[in-house]
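Below sits a lone chain in structure tokens, taken as the form predicted on its own.
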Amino acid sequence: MNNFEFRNPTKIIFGKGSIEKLKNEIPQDAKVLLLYGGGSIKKNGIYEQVTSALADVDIIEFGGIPANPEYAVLLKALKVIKEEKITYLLAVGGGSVIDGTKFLSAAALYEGDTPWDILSKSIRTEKAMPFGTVLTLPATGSEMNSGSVITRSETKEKLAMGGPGLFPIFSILDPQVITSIPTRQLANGLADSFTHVLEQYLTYSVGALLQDRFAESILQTLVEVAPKVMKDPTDYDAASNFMWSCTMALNGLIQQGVPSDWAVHAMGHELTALFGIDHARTLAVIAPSHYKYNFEAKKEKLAQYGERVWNITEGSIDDKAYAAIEKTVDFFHQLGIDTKLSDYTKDYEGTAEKIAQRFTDRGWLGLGEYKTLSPDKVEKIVKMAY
């Protein structure tokens, strides 16, 4: 196992009726900017629960943060923060709203030329405006980590940011919120969290036995609850296991002491930026091709994954590894998620070359756990995903 240092300061408040506990988490003298997305929280009762819990707190609202949080929209929210002298942020939403809130928490205290520098220059955020979250869509794990991804449509870019200042102070997780989530978004959440685990697990062994089994247990749980969640979101046991698995998939725990990949995400982000495809679905497009292209480097771990998660016991290491990839594709298909770029757009020619050039221009010359996945290899993987 590799050396590591681990700290996660986010307080998790989990379970039925936990939104009411919001009143105990935000200082009474705070001036709060309540951030949310398209307004679904006003239809499903979550908005009422939040505002009721914060009846004695000074709140200003900012809605309309889109999926793949848009830089131009966030700049409008940043203007409100500065003009209204906001002191605390509250994200009520899924990963996009929380990621956008993280950007705002950093940008509110940033003293550089333009907030986009935080992303384009990979500036690590050490200190930010305090914020909490009320999770409404399990998927990204953003409610318990210090990462964020922001989209800028004018340049068709989707870039990540992070740093210890971007951990939420607290996050409220009430599994009952999933009862109002559309089936498509539930499928996205399952695929997104599943791929998060694969990015930290399907690399190479460093003797981290417990970390491997942490990862495998999350994958096994997602496979078990996926059909239950899709069939009946009111199944509280399935919903609670789904929500906690999504959080555990990317709160930093399973990443400690092991190598991680993240090349699938890097390529997937480009597909979202170029075509507007749902983030989770871009991962389902890229992942199978990525594992097939890097088969020799990953086959030992792929075979282990096949044995422990999919109960594949017959055949050689190669046979088990290849069967594990096919099982993963089948899992995405069972969620109703297509796994080829051509399923989403007919305008895919030239995409691989464009992504490879973008990576070259950014200096992203070695992705993956070995840092050897060069732009020309990225081009081949994306073409395989057509």
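Worth saying up front: this structure is predicted, and the values here are computed from it rather than measured. Numbers follow the displayed sequence, beginning with 1.
Although it is not shown, the form predicted in complex with another copy of the chain is what the next lines describe.
Note that among 72-80, 185-193, 107-115, 199-207, the stretch whose heavy atoms approach another copy of the chain to within 4.5 Å in the predicted complex is 199-207. For the chain shown alone, W244 is a contact residue for another copy of the chain in the predicted complex, at least one non-hydrogen atom being within 4.5 angstroms. Contact check for P9: a non-hydrogen atom falls within 4.5 Å of another copy of the chain in the predicted complex. Although the partner is absent here, R213 is a contact residue: one of its heavy atoms lies within 4.5 angstroms of another copy of the chain in the predicted complex. Although the partner is absent here, K21 lies within 4.5 Å of another copy of the chain in the predicted complex, judged by heavy atoms. Annotated contacts: S120, M129 and A273 are all free of another copy of the chain in the predicted complex [non-hydrogen atom within 4.5 angstroms]. Proximity to another copy of the chain in the predicted complex, defined as a heavy atom within 4.5 Å, singles out one entry of S180, S153, S217, T87, which is S217.
Of all the residues from 116-154, the single one having a non-hydrogen atom no more than 4.5 Å from another copy of the chain in the predicted complex is M144.
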